[in-house]
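One chain comes next, on its own, written out as structure tokens in the form predicted alone.
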């Protein structure tokens, strides 16, 4: 039998190796992910996108690869990207990811992208931006007036935004649907953790969402479409390999168990006692 320590080592290696060495296991792109990609791909250069970081730090391993893939696509297409956070923990995380990704594409703050920062009371913030973004965010994250940011001069509300994406780990996409989509009718999609993804499929069916990314798999699929591998594909490879190793360990354990049981049955001495 495999010792407990050996099993731990095998699982650790099955997770670590795919994160270091590119394996590239096949992954089929789903319709809901392709719809998000196509919605961005069809936009003209200079079109305005809005991305909201609606998540906490605990979900970072899942939401960061999705957010990074979407941001890379936006900067690759030379879109104007407005970002904000409707959860406090998403503020610093979103700002750092936005800055790092923008640097990859030499995007300039204030001209190609802007980070508005955090606002509590998501319902009020979403409704307010439908009327006027500057009313909700008079200043950006760096306390610079939006009137002094060149990119924001001709952007008033959702009418100028071609697509909104909520990167979330909870039910805030429902709030966007209820208070933005239902009233102001912008195109909307979400990128959410795998455990929450099934909650939003009814909104896809109703047309209130144009697409959906679900967890690491969604990130991996988007990276395939983008032809730029990242942590999504590596994470899915690690997950798949570790699951395969676990299955093989279970099969091996059962085989050894039945072989030992059969051997012990054959080798056990027969009773010589006579019946009474």
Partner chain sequence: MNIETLIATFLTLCIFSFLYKDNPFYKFAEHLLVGISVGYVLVMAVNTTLMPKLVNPVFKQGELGYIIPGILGIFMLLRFFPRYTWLSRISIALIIGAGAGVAIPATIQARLFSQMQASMKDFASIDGIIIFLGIASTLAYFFFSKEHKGWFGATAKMGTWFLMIFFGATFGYTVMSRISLLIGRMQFLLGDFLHIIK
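No experiment lies behind these values; they were computed from the predicted model shown. Residue numbers count along the first chain shown, from 1.
This protein has a second form, the form predicted in complex with its partner chain, left out of what is shown; the following refers to that one.
S.K.: Is residue 91 close enough to its partner chain in the predicted complex to count, meaning some heavy atom within 4.5 Å?
M.R.: Answer yes; at least one heavy atom of residue 91 falls within 4.5 Å of its partner chain in the predicted complex.
S.K.: Would you check, heavy atoms only and a 4.5 Å threshold, whether residue 48 touches its partner chain in the predicted complex?
M.R.: Flag for residue 48 set to no.
S.K.: I'd like to know whether residue 256 contacts its partner chain in the predicted complex, with contact meaning heavy atoms within 4.5 angstroms.
M.R.: No, residue 256 is distant from the partner.
S.K.: Spell out, yes or no, whether the shortest heavy atom distance between residue 178 and its partner chain in the predicted complex is within 4.5 Å.
M.R.: Yes, residue 178 lies within 4.5 Å of its partner chain in the predicted complex.
S.K.: Check 29, 79 and 225: does every one of them have a heavy atom within 4.5 Å of its partner chain in the predicted complex?
M.R.: None of them does, since no heavy atom lies within 4.5 Å of the partner.
S.K.: Out of 144-152, 70-78, 200-208, 160-168, where are the residues with a heavy atom within 4.5 Å of its partner chain in the predicted complex?
M.R.: Result for this chain: 200-208.
S.K.: Mind listing which residues of 116-137 have a heavy atom within 4.5 Å of its partner chain in the predicted complex?
M.R.: In sequence order, 118, 119, 120, 127, 135, 136 come within 4.5 Å of the partner.
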